[in-house]
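Just one chain is shown here, as structure tokens, and it is the form predicted on its own.
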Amino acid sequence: MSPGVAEEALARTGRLVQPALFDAVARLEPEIREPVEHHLAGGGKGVRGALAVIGAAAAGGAERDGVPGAVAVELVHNYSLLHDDIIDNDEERRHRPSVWSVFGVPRAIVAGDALANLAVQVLVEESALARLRAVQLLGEATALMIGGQADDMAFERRFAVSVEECLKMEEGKTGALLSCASAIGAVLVGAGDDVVKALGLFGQRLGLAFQAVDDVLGIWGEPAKTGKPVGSDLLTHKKSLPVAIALARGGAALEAVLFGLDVGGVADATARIEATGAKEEAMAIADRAYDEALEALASVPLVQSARDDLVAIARFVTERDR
């Protein structure tokens, strides 16, 4: 599968999802809609929405059947981004001013809250049993995502976090919503539990692979591509996967370096982390999670063209700028 296949699938599904997403946002009060539209104008790949509509097709439905789920998942994802930027004090999102930096923290919080609420409204507009199942799935995923975010914040105050704790946090923070996105379209078309579970596992393992790659880029990526200053994750004491691996291998000496870190020490700290082999191990974890995602897809009968699109998107989001 070439990246071109994934990009075509993302563009095709975006033409389905984006108009419905903006139609939903148009219902918001003007005071809320303005910061939301500022945020959405920054674009984005629309991976979660694409997974939802392709998941519907993979389960034997039409892509359009997955649109309500796609919109709901995208709304929850964007609500989390609005709040994440406040938590992380990030003044930019996708190389543009973040919502809180333009409109202030209170409006950004309320805008995020409104998107979370709107996601549920989109799903409950019809009373079908499949819609109820979709709401339950989204609610469970959102709870796991919030729990993962809470753990991520708590880890910043700790000297060390085990690799197992870090992986559990990332499965919640990133994997849960990608799992929901991958399965919710199948739920909406009435697919059996085996298909829903397999697609959910695909998304969950893809989420872990995606986050592991993102963690590596957060330390070794180019700021022009990542949109983050060099060493920002290290300076805020984030216990990303490479850091957790390095701390497990480097012990107290590395803890002291990371917790006393200032801007001038970023290059040395980065080199020390890399010397433990943490970068390679994090990428190996990403590769294993990616393989597990594909195994999940292969475990149940799916429409082949949709399966191919899911594989292409999985490769696309895990091979970025390696």
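All figures in this text were calculated on a predicted structure; none of them were measured in a lab. Numbers follow the displayed sequence, beginning with 1.
Form predicted in complex with a further copy of the same chain: not shown, discussed below.
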On the criterion of a non-hydrogen atom at 4.5 angstroms or closer, are I87, D113 and V135 all touching a further copy of the same chain in the model of the complex? yes
With heavy atoms only and a cut-off of 4.5 Å, decide whether F210 touches a further copy of the same chain in the model of the complex. no
Is R96 a contact residue for a further copy of the same chain in the model of the complex, using a 4.5 Å heavy atom cut-off? no
Just checking whether S232 would be counted as a contact of a further copy of the same chain in the model of the complex - the rule being heavy atoms within 4.5 angstroms. no
Interface membership of R107, a further copy of the same chain in the model of the complex, 4.5 Å heavy atom rule: yes
Interface stretch in the model of the complex with a further copy of the same chain - options 197-205, 148-156, 179-187, 210-218, non-hydrogen atom within 4.5 Å: 148-156
Residue within 4.5 Å of a further copy of the same chain in the model of the complex by heavy atom, from D262, E29, D291, D268, is E29
Partner-free chain; cross-checking a further copy of the same chain in the model of the complex, the single residue of E164, E91, E126, E222 with a heavy atom within 4.5 Å is E126
